[in-house]
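In the block that follows, a single chain appears as structure tokens, in the form predicted on its own.
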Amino acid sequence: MLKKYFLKIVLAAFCVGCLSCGQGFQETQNPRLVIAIDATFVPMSFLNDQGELDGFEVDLIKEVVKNAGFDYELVNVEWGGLFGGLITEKFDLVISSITILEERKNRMAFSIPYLQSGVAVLVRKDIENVDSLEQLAEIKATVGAQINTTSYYFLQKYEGMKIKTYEKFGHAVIDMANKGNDGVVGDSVQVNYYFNENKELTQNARFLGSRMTSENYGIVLRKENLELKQKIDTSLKGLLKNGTVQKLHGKWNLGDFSVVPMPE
């Protein structure tokens, strides 16, 4: 009887120990965030040769969420589905070179800026005696841009210009090489990358001036997620101050037209 009683005590202690271990394991798990990114923007976010998500923003968001104490899942989502998926709670965060705009702040929240970029323009070299977008508009040039981007909306200010839209910026560049348009407008990082990586493009196209606008990029959240925003901002601020973001800027050769801001 004593032997049976002793065995029962041992088994009970073992079960209690297992339960407490399980609880401890669960408590050590970090909260998990689902992060959406449109992987069509080389070198910011894209699929590499191994079919994996890669780029400046991929590296950046991994550092931000880990530094904030979160686990994460990155999902590749087309541009048109980013904001809707965030608002309907399919995603917790969105990062995809999204400009911080007042009209967007009415529906969403933004982190502090992690990059300052803007619009840059490439034109074919055979388009001569043209040094500005105003002059392109005067000759009724056809200029390409990715649809529903700030570059596309920027072009609409120039009366007389023929705007040709594309689903991806790379398609606009290819079309320019085939003389399907006279020039292209895009984010300065994107334009810089295509220009430097394509020898044919450097031979047949040129920059039209320097960066035309100044835009700040931020990580996007739902407006009600105030606690999450505070954690993301604190994490990002630390990475900006310690030089991590600047190192990633250099790693991905984002160019002189884009600048890493220092937090206020």
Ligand code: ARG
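So that there is no doubt, residue numbering starts at 1 and follows the sequence shown. Source: prediction; values computed, not measured.
If you look for the form predicted in complex with ligand ARG, you will not find it shown, but the lines that follow are about it.
When ligand ARG is considered in the model of the complex, L136 lies well away from it, no heavy atom lying within 4.5 Å. By the criterion of a heavy atom within 4.5 Å, Y158 is excluded from the residues contacting ligand ARG in the model of the complex.
The shortest heavy atom separation between W79 and ligand ARG in the model of the complex is within 4.5 Å.
Ligand ARG in the model of the complex is approached by F41, whose closest heavy atom lies within 4.5 angstroms of it. Contact with ligand ARG in the model of the complex, defined as a heavy atom within 4.5 Å, is made by none of L122, D182 and Q203.
With ligand ARG omitted here, the record of contacts in the model of the complex names 93-101 of 93-101, 137-145, 173-181, 122-130, defined by a heavy atom within 4.5 Å. Contacts with ligand ARG in the model of the complex, taken as any heavy atom within 4.5 Å, map within 172-188 to D187 alone.
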